[in-house]
Structure formats: structure tokens, C-alpha cells
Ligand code: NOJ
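What follows is a single chain, given as C-alpha cells, in the form predicted on its own.
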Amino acid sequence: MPTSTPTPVSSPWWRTAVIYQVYPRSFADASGDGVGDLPGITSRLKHLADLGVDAVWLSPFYRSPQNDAGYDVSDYCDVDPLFGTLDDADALIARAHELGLRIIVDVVPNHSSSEHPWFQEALAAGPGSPERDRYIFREGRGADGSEPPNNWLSMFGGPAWTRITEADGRPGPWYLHLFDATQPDFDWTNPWVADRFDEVLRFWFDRGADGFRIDVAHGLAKAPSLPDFEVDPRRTGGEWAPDDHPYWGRAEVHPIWRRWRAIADSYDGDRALVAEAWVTPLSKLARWVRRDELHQAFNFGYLMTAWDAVELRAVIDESLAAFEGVGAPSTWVLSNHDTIRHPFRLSVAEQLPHGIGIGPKSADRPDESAALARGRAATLVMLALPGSAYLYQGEELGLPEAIDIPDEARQDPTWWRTPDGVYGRDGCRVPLPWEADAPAFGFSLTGKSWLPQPASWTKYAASAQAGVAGSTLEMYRSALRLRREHGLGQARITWNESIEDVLDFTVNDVRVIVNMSDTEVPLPRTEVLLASASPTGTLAHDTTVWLRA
């Protein structure tokens, strides 16, 4: 069984790590069926080691009906045949460790698949059974119970409740699903649920996993009375939760995380727990990463900040103060599998959390080259900041959001469940281009691809960028090397005086200047370590430079 390499207690790896997210179905396909898989990931791990990341986070590869791309889990302790086998998972973990990479596994504790045996047993056992208590079942409102128990909406659109039919054909109670109808929510007030997830954590820790990314870490606890709560039906979920929110960001989740932390601490090698928690303000999010709870929480406040010097400095200062206040590292992230790729997201005038597409509902299409320039500049800001950083697969290639996906090819359940067809997340999930001249750009030898790849992605292929000075791939490699050499992840930040629309700060012996203004600004006469675009004595619009301080 693979094991982790211990890290000195004085310097836990996760405090400064750069962690790369792999979305398995879109990374690399070894079987040729058009869907990425674990052997495909293993075959491309050298790319990640050469890139210079410290760890790899794998989105779900468990057994699943794939109604929500694997986030509807039907067996937490097995691999879906779509992605391979448990032996393939062991081989991936072992190869990663050989290359000096750690592995973070996604875990989905808010809900299971409706096809999970636990839910099927709950349906079969009937009303009042211990099996029903694993999930949140409630009687409906109205004289005949035909109305949902409350007005909550699914994150994917439509009601968050589905009524069941009992074995004898009578209409039964309703079950809660904050996501798709095939994803019933667990009842975390039931000790049975907590015990089962203890077993899941230990199963993967015992196989050598170095940590877990926790899906919907802010959502496990629900107000006991399940009160009505109004949200915008176009946004469906109201992720940025007030303190009285009935299902997001409630204080009752914290005992769960203290229990999980104790399990992680019982293993060697500084195992890490990372929260996906859409919580504001950052001072509230910091409660998720207190010393006896989780190790990190994604900084979505930073991810959602516009390309604006004042706003960016404010969120950096707020983040550092909030996380340092509880002894945790700040984490920085610009892109992931649920958001528009950051070059495009930072280049549109309005926040579009649910995708860009073609037709009347689309935003103005950003200029691709200008968006890439801004995305590269944003990356060099993020990778200079103290703490830990997350990269999303393909951003090292400068991939744009895929906009021109035909409606009939879309897979995200949000597209089908919302009344006006919210585009959803397909645009950031298109399979990667590895080889410029190969079928499916080297993603699959057969040329199959579960989402269509834009023909224009030839220029973004890894093979077209490797070794090419100034390419986005080489910029990322240089940034990660310099970040490590200059100890940026463990340093403190000092702000320098700057003009309007320019950020200027120093981390250790590296000075970072970011020009967000419309005019060029002069540069100090000192050594240029790295730049998002070649400086010529002045710094152009949407350019970041690292200088020797």
C-alpha cells in the first residue's frame, strides 16, 4: 500500500504548497472512450512534476451514475469503471509519490447519489426506520402533503425537494437535495452518518492519500426547523451566506471538522484537509481553519475579486489578517472546475458565475489575446503572495473559457434544470490539449472527447509551448521555480507607495509591480526576474513584473 513521505513538523508542506487541480474526465484519456481516466492522469504526472507543483487534487473518481460529473457518489470506497480501478488509483498515488507529488482526494459529504445503497436501503426500509434517518426526509405541506416542505431551491435550479412513492404506491415524504434530484442530502445530526465518513477518510488515508478537498464544507448543517428562505432563482443558492442562513455556513458544522482533524492528525506525513466553503466575510471563513479544524479553505473572496487595484489590495489585506488571526495560511485561487476560467472572467464587465455561451444570454465575448494578457498578469500576482496557491488544470496553458459549445453538447445539469438555460460550467471543463497535431489534441488517441474542443486550441497545446520562451507554460514553470527559490510562500508582504491603478509590493527579496492602468508606467532600474509580458523600461497595461528588490 502506498504511504506518504513525512514532512518535518516545523514546516508542514500545506502551508506554502502550490496545488494543481485535476478534473479527471478532462485531463487525459488512456482508454480511448473520450473520457479522461486514472491511467491517463498517471501517464501525465511528469508534466505536473516538471511544472513545479507540490500536490495534485483529484476531483471525484468514485463509482457514480455521473449525473453531476461524479459529485453524485454511489460508492465512496471504489473507483468508477469509467475512470479505472482501485489498482489504478494505487498506481497513481504511488507514481505521484515517486515524483515528489502529494495526492489530495475529493470527498463529498453533503450528499450521495440516489443510487447509493445507503439511500436505496432508506427507500426500502420505509417511514420511521433508522435507514430513513440517514437522509433528510420530511412530510410535505398542504392538506395532502403535495407541496414541498419549504421553498428552498436547488443550486442547479428548481425545487430542492423531491417526493418519493412508497413501495405500496402511496405518495410518500419529500427528501432534500440542495443540488440535483439524484443527490439527496445526508442528515449530519445522525451519528451513523458521521461514523460512515470516518471509515471513508481512513480508507483513502490508508491507501496513501495525503489529504482531502471537502466538497460543500459549508453546507452539512441545516436549521432544524427548515424555515423558508428567499433566494434569487437565477442564482439558485445564495452562496454568500448571512449568519442566519438555514443551510449555508452554519456553526453546527465545526464539530464535524474537529472530528475529521483528529483523524488526519492520527496519520503521519502532515495529512491536510481543505474546505470548499463559500462563506463571507473572510473573518467568518477563518473559523473553518482554526488550529483544531481544517488546514485550509479556498479563498473564494479572492477568486471573485474584480481586476481592480483597490479591490485587490483590500482582499489581500483582509485575507492575510483573517487567516493569520487563527494561525492558518492564506490560500489563493483564480480558477477551478466551477468557475469561468480567470482570463475571461476578469475580462468581462459583470460577474458571471454560471458560465458564458453563445446567443442572447451571453456576455460580450472578451478579446482572447487581451484576456490572456490579463490572466497571465493575475497569475503572477497570485503566485507571489504568501501562503498556498491552487491552479486549475489547463491554466498553465493559458486556456480560455470554451464559449462555442453547442447546446446539444452541454452536460452541466444547470443547463437543463434552470428555466432560461444557465450555461453552467462546461466551458471550463473541456478536455485539455496536449499535442498540437494529434487527434483530440492528444487527450485521447481515438480523437474522442466528451465535450468538443475548440479548433483554435492548437496554439494552446502543451507541445506547442514547451521550451518556447515567453509561452504561458514556461511562465508558469519559471514562476513556480522562483516562488520556491525566493521563499515567497512563507514570507510577509510589504506594500510600497504606488500611483493609481498600480499595485506595488515586496515579498522577501522580490518586488512585484502590477499595472492595471491604461498607460505605461516607468520601472525601477533593477534585475527583472519574471514578467507576464516583456518589459522595455516601462510596464505596459495589464502586465505584472517580478523584480529583484
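Just count from 1 along the sequence shown to find any residue number. The model shown is predicted, which means the values in this text are computed figures rather than measured ones.
Omitted from view is the form predicted together with 1-deoxynojirimycin (NOJ), to which the following refers.
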Handout entry: in the predicted bound form, segment of 332 to 340, 288 to 296, 473 to 481, 311 to 319 with a heavy atom within 4.5 Å of 1-deoxynojirimycin (NOJ)
Key = 332 to 340
Exercise for the section: May I ask you to check whether Val216 falls inside a 4.5 Å heavy atom distance of 1-deoxynojirimycin (NOJ) in the predicted bound form? Expected result: yes
Exercise for the section: Answer for Phe443 alone: is it within 4.5 Å of 1-deoxynojirimycin (NOJ) in the predicted bound form, judged on heavy atom distances? Expected result: no
Exercise for the section: Examine Arg132 and determine whether its closest non-hydrogen atom to 1-deoxynojirimycin (NOJ) in the predicted bound form is within 4.5 angstroms. Expected result: no
Problem - 4.5 angstroms heavy atom contact with 1-deoxynojirimycin (NOJ) in the predicted bound form for Arg374 - result: no
Practice task
Name the residue from Arg271, Arg429, Lys222, His116 that puts a heavy atom within 4.5 Å of 1-deoxynojirimycin (NOJ) in the predicted bound form.
Solution key: Arg429
Exercise for the section: Scan Ser154, Gln183, Ser449, Ser347 and let me know which has any heavy atom within 4.5 Å of 1-deoxynojirimycin (NOJ) in the predicted bound form. Expected result: Gln183
Practice task
Answer yes or no: in the predicted bound form, does 1-deoxynojirimycin (NOJ) come within 4.5 Å of a heavy atom in every one of Arg25, Phe83 and Arg410?
Solution key: no
Handout entry: Residues of stretch 55 to 79 in contact with 1-deoxynojirimycin (NOJ) in the predicted bound form (4.5 Å, non-hydrogen atom)
Key = Asp68, Tyr71
